[in-house]
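Below sits a lone chain in structure tokens, taken as the form predicted alone.
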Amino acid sequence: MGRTLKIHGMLDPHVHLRGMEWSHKGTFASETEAALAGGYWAVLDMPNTLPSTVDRPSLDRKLSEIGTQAVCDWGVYFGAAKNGNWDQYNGILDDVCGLKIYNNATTGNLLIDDQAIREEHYQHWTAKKPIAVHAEEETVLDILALVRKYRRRTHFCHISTAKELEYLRAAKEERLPITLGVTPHHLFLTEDDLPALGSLGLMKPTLKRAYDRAMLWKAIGDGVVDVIESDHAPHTLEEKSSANPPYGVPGLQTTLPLMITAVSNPNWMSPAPWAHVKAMLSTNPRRIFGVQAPPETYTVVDVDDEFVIDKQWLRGAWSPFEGMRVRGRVREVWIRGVKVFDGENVLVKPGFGHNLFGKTA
């Protein structure tokens, strides 16, 4: 074993677990196993896996099914509905990690492109918990206007362009209560990779120019980016190879080695590279979502172990990073003093994971 890095309480605040009506794509058990293999203590699940998490019955179903299957700790978002479901908020606040608003086209049926309806959601969400938003390009300005008016804590997910960063840099200088995340696929891939990737490179937001990618890395170096989030959203190879392939890529298992590979570069942009990457993968997401890692909850990663991302290593059927040489192999994951992953095998049974917010139904 080479040099090791110990990371306490890795948290991915942006995943799309599979199960329920999409169990053919994966299950809450299989996807949380991928989280452990990726070094994560906990994940926060988005509301657009069907049935969408937009009312109490759908929330209870998800809480129950994740509760019996998850092998890592977890939380779930509530989804803002375009027909207005803010009357549900008081009854669900204790059981969710935050609210998600989809303001640009994505998978599912939760798109809200009416600014008046967005404002109703901002007006009625009085919890201290964050609002996470999918907002692209000029829509970022629309959301910032609501943040400015209502002062709701808002996390901007999967930022992917230089223009969006320009808006958010200014908002941070204005001291608006915002944070932002970027994904490994926007950091390591561009639209130039699409001819080789084909449908395996389709996600929302889409891959962007090399210039946008460079500006994302600069924003990381400048400390503007708070979180590296996977936006894990697996589909079957058959679906991705179809005439109408869905958007989304898996990412829970590949995020940590990709970031270890990046931070191992002598040209890494910040003076304390290991502390920086740990902050973006653990400390910052825990702070933003108001959770603390339990005692004896950590990941051990061998930062010198180089390997090629291939099907044998992957727990899913595919990855847009297949064939890439990376470094940073997860050797151990511990949760609450229990060794849950030994570098190859998940060592706990489904249901071991705890709900970080409220109680399982």
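All residue numbers refer to positions in the sequence shown, first residue = 1. None of these values were measured; they are calculated from a predicted model.
Another form exists, predicted in complex with a small molecule; not displayed. Remarks below refer to it.
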- Note on the structure: From 152, 121, 278, 204: within 4.5 Å of the small molecule in the predicted complex by heavy atoms is 204
- Note on the structure: The listed residue (264, 106, 139, 284) that reaches within 4.5 Å of the small molecule in the predicted complex by any heavy atom is 106
- Message: Within 4.5 Å, heavy atoms only, one stretch in 229-237, 170-178, 74-82, 143-151 touches the small molecule in the predicted complex. Which?
- Response: 229-237
- Given that the partner is absent here, does residue 247 sit within 4.5 Å of the small molecule in the predicted complex, heavy atoms only? yes
- Message: I'd like to check something about residue 102: if you look in the predicted complex, is any of its heavy atoms closer than or equal to 4.5 Å to a heavy atom of the small molecule?
- Response: yes
- Message: Contact with the small molecule in the predicted complex for residue 129, defined as at least one heavy atom pair within 4.5 Å: yes or no?
- Response: no
- Query: Can residue 208 be called a contact residue for the small molecule in the predicted complex at 4.5 Å between heavy atoms?
  - Reply: no
